[in-house]
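One chain comes next, on its own, written out as structure tokens in the form predicted alone.
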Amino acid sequence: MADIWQQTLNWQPTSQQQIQFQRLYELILQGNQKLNLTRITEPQEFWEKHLWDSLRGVAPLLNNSNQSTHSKEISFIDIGTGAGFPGIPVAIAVNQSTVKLLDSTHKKIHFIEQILPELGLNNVTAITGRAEEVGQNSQYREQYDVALIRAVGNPSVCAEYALPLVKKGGLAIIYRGNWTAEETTNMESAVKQLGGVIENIEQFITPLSQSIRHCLYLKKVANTPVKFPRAVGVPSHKPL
């Protein structure tokens, strides 16, 4: 896949990173026998939907991270990480990064904690919790340069989960499949209430299955009002 990485992301994994990606795949397959981690188990599909897709959202950071070993450390939080996507591939690929993985399912976080040493990742920690509660906890609130959120519900709900955790000047990156102009209009009001602006919406095509994907980049321009995120369950029942 080296050529595809280069052509599509202007980046290639080192031999060490390739070994880590392969080991991650093996560990996910093993974990899948006991836990429902992913339906995506065929090697090429796993590469595209879990590895490539995860890194496509942070492509600008990949390029920067390989150019300089002295770049500032980037702190990420991955909300609703599930089996560790996109957070674990990001932790492997982005030099000088720390990654916090958040999921409300204790079994999945326990699985991740078990595989991190096997992957040689000491820049990753995992916590069990709900985004609404974690976003109100001063230990985590407005502490991260980048929040990642993939395949979790309504886009304005994603924004309400992510932006409270991002530092002023930081980014929330929302991974989506399809996206419409109408959704952009609906999002603008929600994002503004949360102290953000829509900086960019990028459409791209996946390299193997030729599927359409989008990434929304929300820039945090002001502190998020203290009432956000609202109580557990409220964002999803009453989206902004």
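Position 1 is the first residue in the sequence shown; the rest follow in order. For clarity, every value in this text was computed on a predicted model and none was experimentally measured.
Although not depicted, the form predicted together with a small molecule is the subject of the following passage.
- Query: Is every one of E160, E188 and P229 within 4.5 Å of the small molecule in the predicted bound form, counting heavy atoms?
  - Reply: Not a single residue of the candidate spot has a heavy atom within 4.5 Å of the small molecule in the predicted bound form.
- Report whether the minimum heavy atom distance between S97 and the small molecule in the predicted bound form is within 4.5 Å. S97 lies outside the contact set for the small molecule.
- Task: Examine K167 and determine whether its closest non-hydrogen atom to the small molecule in the predicted bound form is within 4.5 angstroms.
- Result: Outside the cut-off, so no.
- Quick one: is Q114 in contact with the small molecule in the predicted bound form, heavy atoms, 4.5 Å cut-off? Q114: no contact with the small molecule in the predicted bound form.
- May I ask you to state whether V146 is within 4.5 Å of the small molecule in the predicted bound form, using heavy atom distances? No.
- Heavy atom within 4.5 Å of the small molecule in the predicted bound form - residue from P155, P89, G80, G135: It is G80 that has a heavy atom within 4.5 Å of the partner.
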